[in-house]
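Alright, here's a single protein chain in two forms, structure 1 and structure 2, each given by itself as structure tokens.
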Structure 1
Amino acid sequence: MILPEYYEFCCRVKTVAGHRALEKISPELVRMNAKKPMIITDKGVAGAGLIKIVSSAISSSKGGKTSVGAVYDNVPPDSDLKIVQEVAKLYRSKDCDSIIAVGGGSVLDTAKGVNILVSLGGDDLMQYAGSGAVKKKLKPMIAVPTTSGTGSEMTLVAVIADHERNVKLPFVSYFLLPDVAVLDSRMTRTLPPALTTSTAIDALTHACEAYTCMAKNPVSDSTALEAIRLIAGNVLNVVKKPGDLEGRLALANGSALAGMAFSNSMVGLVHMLGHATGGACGVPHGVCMSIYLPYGLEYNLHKTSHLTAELLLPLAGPEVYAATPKAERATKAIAVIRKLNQDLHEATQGRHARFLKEVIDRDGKQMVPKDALPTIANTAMGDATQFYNPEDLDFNDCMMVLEHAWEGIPLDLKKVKKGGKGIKF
């Protein structure tokens, strides 16, 4: 491997992990001189009884007393600008001084948006959109993920939707990193099988793209590879045995490690298409990642085959890696991911989607009609992640990938263009 001439890596999030890590929340708040936190969550998390577990852990802690000042439990599946304003208003009215975000990516991203407004003032979150607009330290924030997928507890990014324009807006700043991430196996125990699978493959995608895209570096590589090993080695067993707390904790750690990786090395084509599909059709992000991951690796294969080949070791283990000829390891790695998607599809009785035409809503309606693909491709072309992808893309390239992903047909590698900016690693 040729080292990059220059790179940066930063993850200053304190990690507290274990089967009883929640009991450390109160001492951590006291350490940060916070005494009246607001809990931000969603109806699903609250309905599953997880807020009661968190509140009980806080009240029973012997390492310092805090009192929950308010609970907001109505965060929607997609972070929304109006919801951020609503939560910030409640925070201020209750004189809270810190945030405990308990939930998946939407909750954690919403909490980051709220923290911007309550720390910096005002109600216009849009003025802080983009990269580097948040320039000051924010209020204390503790992230308690209830899915093992987004890695948002370890990232400097929040993605929040503007539903009036059907777009998702990125907010990027080191000040968006939570102060503490609490990884507790109890928080994912009630996660339904289909959500367990899609969120886990979301994290797997973070790690795979972090390892193969253009801003990779030695530190992000190490966290990405360990994330892949933990996720690939545990997700299927956790789906089959939901009470496997060791497996749950392994997935939580894998997701956090993947978050560390991609927060410092960025992502590419898979997220480019995923963001656009979520914005245009409302498909959950983890579902998009599960579908697009093998296609993104395939499209970039002629530039990154040596890197994709290295993914086979954490994906399938040393025996498979050693038994696979060197020239076949890259395509074998992609085949392993497709096989994993197939196994998860079967383990969830078909609820884990393998390709776009399988994605349906609660009423059984197809969420991505084929005539929506041009809209997705056009939207994708405006996504900033394309600049970190190893190969250039235009509208026709996006359409080719989307059409194959819709049908569930692997790409014809002979039709993938060879050229563009390339990669040095």
Structure 2
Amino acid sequence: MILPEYYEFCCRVKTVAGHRALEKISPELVRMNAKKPMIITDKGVAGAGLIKIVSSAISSSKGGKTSVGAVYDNVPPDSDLKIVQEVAKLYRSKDCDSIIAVGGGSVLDTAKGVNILVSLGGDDLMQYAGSGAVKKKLKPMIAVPTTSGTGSEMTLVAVIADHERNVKLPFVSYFLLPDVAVLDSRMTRTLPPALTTSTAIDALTHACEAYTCMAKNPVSDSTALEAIRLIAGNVLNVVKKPGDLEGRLALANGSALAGMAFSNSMVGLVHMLGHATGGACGVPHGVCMSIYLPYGLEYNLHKTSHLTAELLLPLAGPEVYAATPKAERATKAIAVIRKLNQDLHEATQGRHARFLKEVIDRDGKQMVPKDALPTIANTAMGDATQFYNPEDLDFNDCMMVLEHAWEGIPLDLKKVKKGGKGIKF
């Protein structure tokens, strides 16, 4: 096990998981001296009837110590300051004392913003922007993710847009972390297959990158391996049998583990390109991840082949691992990921994209035209995750990877510029 010269690991979030995990929300609130939570969510979640399950689980607790104080179910996908202020106002008027965020990234970011306002007072979120500006414990907050992938319930960052001035305000502080993340299989049961696959592969990417990038550490390694095993072993089954609650829970667990791993060890090339593609062409994050993952591993192969080789075990199981000669394990691992993408592609009747050129929006239009690649590469050069990637990248390198990924052909390893020694952890 590699012990780096120095590492940090922190996961202040309590994880509660299971088929009936929602019922634990109430005792958790009581533990934190809260009685009257406010639920923050978006239309999609509310529309799927998930809020009903959550609120009944909270209210039906023994002794009736907790009850839902208010529900705000109108968080838009690109939430901003105004929404935060609006929700905070509702929170105050209903005298709530804690927050439950049900949903994905946008809901969670909004909830974090609301928590800052209602805990620290005032209406001005600006003064808390930046890293480390929030220095006090905030109100109890519980996150209930409805997709298994983003891992945003484990991150200490919140990004909230100010549409008036057209800026995105980052908030970074350990106190922004939710106190508890509740993973309940009921919350992801109704997720459509395409979304299931992309979020699952998103989590898989987190884990794979956490294991192979610069800031890896023993804790993130352990969690990443566990995550890969859970996801790789279950995703196909769940897509084929959407009602498989055990599988759903395994995916949720895997994504929580992956979230723990990557929020501490950071990620590299795959996310660098992924963020850029999302930013430039609006491709959903999960889709980008599943496309770029094999390329990211391939690009770094000359520096991290020993680590990539180890991924084969959780990805494909011990039999395949033992049967593969040592030197070929890394490439085999990448092949297994490609095969997984292919299988998912088939299982979802083509909705799971394998290559960039396959990515289509709701109207069936290609989302990433080939001439968008330079824009993507340019955006990527401004993404901080590149520093965690074991190998350096410049604009040309990005273009080279993007072109391969667009066409869907494996990377030509000869084109990768190699330099420097192996990485030191």
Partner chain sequence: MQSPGDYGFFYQAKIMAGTGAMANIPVELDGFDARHPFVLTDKKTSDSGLPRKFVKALGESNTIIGALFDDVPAYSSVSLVKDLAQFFRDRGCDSVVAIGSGPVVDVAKGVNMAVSTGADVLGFEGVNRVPGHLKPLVVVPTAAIKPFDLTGNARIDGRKFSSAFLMPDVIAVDPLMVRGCCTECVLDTAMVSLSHAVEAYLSPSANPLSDAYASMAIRLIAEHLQKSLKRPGNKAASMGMANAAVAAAAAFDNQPVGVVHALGMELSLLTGNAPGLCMGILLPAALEYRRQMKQEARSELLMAMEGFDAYAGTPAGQRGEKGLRSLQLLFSKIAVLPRTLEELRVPRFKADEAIQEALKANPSLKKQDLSAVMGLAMKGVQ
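Structure 1 provides the reference sequence; residues are numbered from 1 along it. Here, rigid core means the biggest group of C-alpha atoms that superpose within 1.5 Å across both forms. Owing to the predicted nature of the structure, the values given are computational and were not obtained by experimental measurement.
Of these two copies of the chain, point out the form predicted on its own.
Pick structure 1 here.
Once the core is aligned, does K168 move its Cα by at least 2 Å between structures 1 and 2?
Yes.
Determine, after fitting the two forms on their core, whether V320 shows a C-alpha shift of 2 Å or more between structures 1 and 2.
Comparing the forms between structures 1 and 2, which are aligned on their rigid core, V320 does not shift its C-alpha by 2 Å or more.
Once you line up the core, how about K139: does its CA shift reach 2 Å between structures 1 and 2?
After core superposition, the C-alpha of K139 moves 2 Å or more between structures 1 and 2.
S119: how big is its Cα shift between structures 1 and 2, in Å, with the core superposed?
S119 is displaced by 4.0 Å at its C-alpha.
Core-aligned, what does the C-alpha of D73 shift between structures 1 and 2, expressed in angstrom?
Looking at the C-alpha of D73 between structures 1 and 2, the offset is 2.7 Å.
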